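Okay, here we've got a single chain as structure tokens, the form predicted on its own, with questions on binding and movement later.
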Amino acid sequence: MSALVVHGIGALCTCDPSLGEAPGVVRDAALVARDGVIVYAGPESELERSDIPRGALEIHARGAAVLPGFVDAHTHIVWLGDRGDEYAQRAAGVSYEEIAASGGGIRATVRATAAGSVEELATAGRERARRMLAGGTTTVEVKSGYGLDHDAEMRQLDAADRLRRWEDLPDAVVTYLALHALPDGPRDAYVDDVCSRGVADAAKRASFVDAFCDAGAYTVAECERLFTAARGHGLRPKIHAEQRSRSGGALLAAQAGAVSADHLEHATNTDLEALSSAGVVGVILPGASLVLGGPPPPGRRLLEAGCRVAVATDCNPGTCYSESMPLMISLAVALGGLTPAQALVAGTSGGAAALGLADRGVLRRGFRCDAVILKTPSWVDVAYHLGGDIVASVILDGRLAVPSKT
């Protein structure tokens, strides 16, 4: 048996809606876990010494705030190659579309990544995942999508699965991003292969299927066909929708019962209301919105439409090279119109909802014990200290995974 207790918590931000106003703060609190599961989260004054498991690792927060571990529900961290030159080109005025037309963009990453072995891909992803953990991310979704060739896509999924097996990394959820870059050869033949061989083999490795539905990417009809094929293999749909233009992807997500629709900068209020009615989580990616210079992430509009909202990094080599969930929570406030409390909930329990995970994102008895101890007593600093080094230590599955940095 492993056990852990955190004493002296100034503000325990449970993100538990049953405790009232977000983020469900309990003052002068303690947190106790046994075998990775929370057995107590509440006022320290009500914790009996006999309630602490014998031999538990005891940590003192010294009045700091404690939050649920961040759940990053949209990333592309398994890639090879570098696209820093493109970042400089965009800063000089070259558009994303112009770069893609000249052979850059996603295709540049595909060329580098498709040539990599599982070991090379996993090693690259592991370094990014380590940085995520140090910043408080305890669960991360990992997409393929840089292979195009069937075998290369499966190598990406195998590398993502390898991340899931390392105990010193965030828990990984694997997604088959089947329709991402456009193929060199016949498009119909490629989609045919993805909808047959692709989803069948991906189902052995992944939990979700995803598609990029946009101008210059894949059509609503192609994505709908993929989702129908994937559902027969137990893969639940997610979608990149309305990022660069209004494509109809959000309405498809609602019709198809997708777990999440991500980006959504060009979505109309009607689109967002449809997502709400269908129970689809809206995932905003404020880092990508900022880098690409398009419309702001629709955080406030999603809430007004009644949607559940998640915030994620979209960590990728082209449009948002950042592993930092605290930064994205800050940007969700500054750009997306969320309050700090709403952004924190979106980065924890909202992210869990976007991955269909009901056992994390909240600090409550019976939930997985993933938690972040801050360097400050103010939980608002997660949003307020833009890009700040605010995480003191990280608890992953009831273990002290990142010791105190103070």
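Residue indices: 1-based, along the sequence shown. Since we're looking at a predicted model, the values are computed, not measured.
The same protein also exists as the form predicted together with N-(iminomethyl)-L-glutamic acid; that form is not shown, yet it is the one meant from here on.
Trainee: N-(iminomethyl)-L-glutamic acid is absent from this chain, but in the model of the complex, do 208, 236 and 360 each have a non-hydrogen atom within 4.5 Å of it?
Mentor: Not a single residue of the candidate spot has a heavy atom within 4.5 Å of N-(iminomethyl)-L-glutamic acid in the model of the complex.
Trainee: Heavy atoms within 4.5 Å of N-(iminomethyl)-L-glutamic acid in the model of the complex: which of the stretches 187 to 195, 70 to 78, 200 to 208, 132 to 140 has them?
Mentor: Stretch 70 to 78 is the one.
Trainee: Considering non-hydrogen atoms and a 4.5 Å limit, does N-(iminomethyl)-L-glutamic acid approach residue 242 in the model of the complex?
Mentor: Outside the cut-off, so no.
Trainee: Tell me, yes or no, whether residue 316 is in contact with N-(iminomethyl)-L-glutamic acid in the model of the complex, where a contact means a heavy atom of each within 4.5 Å.
Mentor: Residue-level check for residue 316: yes, a contact with N-(iminomethyl)-L-glutamic acid.
Trainee: Indicate whether residue 146 is a 4.5 Å heavy atom neighbour of N-(iminomethyl)-L-glutamic acid in the model of the complex.
Mentor: Heavy-atom contact with N-(iminomethyl)-L-glutamic acid at 4.5 Å: present for residue 146.
Trainee: Should residue 106 be counted as a contact of N-(iminomethyl)-L-glutamic acid in the model of the complex, where contact means heavy atoms within 4.5 Å?
Mentor: Within the cut-off, so yes.
Trainee: Just to confirm, with a 4.5 Å cut-off on non-hydrogen atoms, which of 128, 301, 180, 266 contacts N-(iminomethyl)-L-glutamic acid in the model of the complex?
Mentor: Among 128, 301, 180, 266, a heavy atom within 4.5 Å of N-(iminomethyl)-L-glutamic acid in the model of the complex occurs only for 180.
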